[in-house]
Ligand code: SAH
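What follows is a single chain, given as structure tokens, in the form predicted alone.
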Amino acid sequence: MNYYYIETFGCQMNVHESEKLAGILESRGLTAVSGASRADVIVFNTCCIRDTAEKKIEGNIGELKALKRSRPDLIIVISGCMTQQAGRAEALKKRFPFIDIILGTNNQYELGEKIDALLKAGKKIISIDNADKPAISEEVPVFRTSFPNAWINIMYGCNNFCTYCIVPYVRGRERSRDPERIISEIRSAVNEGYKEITLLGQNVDSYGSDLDSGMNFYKLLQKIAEIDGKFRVRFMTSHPKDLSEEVIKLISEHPNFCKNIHLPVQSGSNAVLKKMNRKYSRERYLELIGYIRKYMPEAGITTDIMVGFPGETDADFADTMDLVEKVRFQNAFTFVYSPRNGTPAAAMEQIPADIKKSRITRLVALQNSISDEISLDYLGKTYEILIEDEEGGICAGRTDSGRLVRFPGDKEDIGKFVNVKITKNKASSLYGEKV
């Protein structure tokens, strides 16, 4: 075996877990290739957050059948959230018998040993750990692929059980990493030249709630603020029921912490929030927005919004539109509710597709108009940008507040901080020139 190919579906958590899968394969001497046809090991790291994601993944798995037939020694591995669902691994094995190894979210660190077992015994392998609180494996090598950003988990799992969400069922309960290991990993990444650290967790604000040391998210951020070096810190995702004024104020006081908060609201209706089991009210959410505006007036606030949740009335949707107008999000990730088997909301009375479509269209139009108006505020101003990418002589990077800016530059500039004057905006995109 010489080459591997990993295809990642889903969230930033999955992206980072794919870096760990890559780390395992790299440590065994394999090299990444850009296409599945050249690989000796193919890994699909899957997502199950929405039905459309699962259908796409299944379609991609099906396309591997001919490749496996022509190359019987090819090793095909399916891992991640989709495989962790009850009965899903067995269903995948039955539908796609050419899959060699199926790993759950809590078993991805076993990739190397399962490949050895497959080669030795020649038998298909399924490894799914269904424990509520599976152990955290700290010794997995990481092959980072997102320079200049380094993804760093601070915790795993979720205790919230929002009625629409499958995550607690496929990732287990909350488990916080040891704070010293987190600080050590951040220091190593900064020393290796990474300029942006993104802290990951399903609900970062509840970090430490399972530790006996009294450590919490606020105290962890205090420790991170003491690390020397020029770098930025972002984190995702915050939960409105746990984000505090104390944390918001701390972020405002340290230049390394980006003034960019992603705070999923999901709905502006108290009735819908209650049915979603979100454990906060519209009023509490707006109170948090007030704290952010108070301490960081120019902060970029982004959110997730769902339309068409079971039982959502016209009045409920109007509350969501009203909240969007009041908050004026920099950007919103909007989506239509889709049932997930095994969640309480899937058993509720569903809303017709045409109503969902009408509402999402109206919501997107409103948010686009707000994003366009906010973009006008950037014109003529100069911002420090961390360059993340380059293509065709055009660099792309983000402001401290999270806005993506494009401007002329060189590939060698990736990972550098530069000052850019914003010269034009097109829709919600910003363009500028180095100064």
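Residue positions are given as counts along the sequence shown, with the first one as 1. Because the structure is a prediction, the values reported are computed rather than measured.
The form predicted in complex with S-adenosyl-L-homocysteine is left out here; the points below concern that form.
From the list 394-402, 26-34, 372-380, 48-56, the contact stretch for S-adenosyl-L-homocysteine in the predicted complex under a 4.5 Å heavy atom rule is 48-56. In the predicted complex, Glu113 stays away from S-adenosyl-L-homocysteine, with no heavy atom inside 4.5 Å. Contact check for Arg340: a non-hydrogen atom falls within 4.5 Å of S-adenosyl-L-homocysteine in the predicted complex.
Under a 4.5 angstroms non-hydrogen atom cutoff, S-adenosyl-L-homocysteine in the predicted complex lacks Asn153 among its neighbouring residues. Within 4.5 Å of some heavy atom of S-adenosyl-L-homocysteine in the predicted complex lies at least one heavy atom of Thr237. Proximity to S-adenosyl-L-homocysteine in the predicted complex, defined as a heavy atom within 4.5 Å, singles out one entry of Val336, Ile186, Ile76, Leu323, which is Val336.
With the partner removed from view, the residue among Pro179, Pro134, Pro310, Pro264 that has a non-hydrogen atom within 4.5 Å of S-adenosyl-L-homocysteine in the predicted complex turns out to be Pro264.
For the candidate spot formed by Tyr164, Gln202 and Met306, every residue has a non-hydrogen atom within 4.5 angstroms of S-adenosyl-L-homocysteine in the predicted complex.
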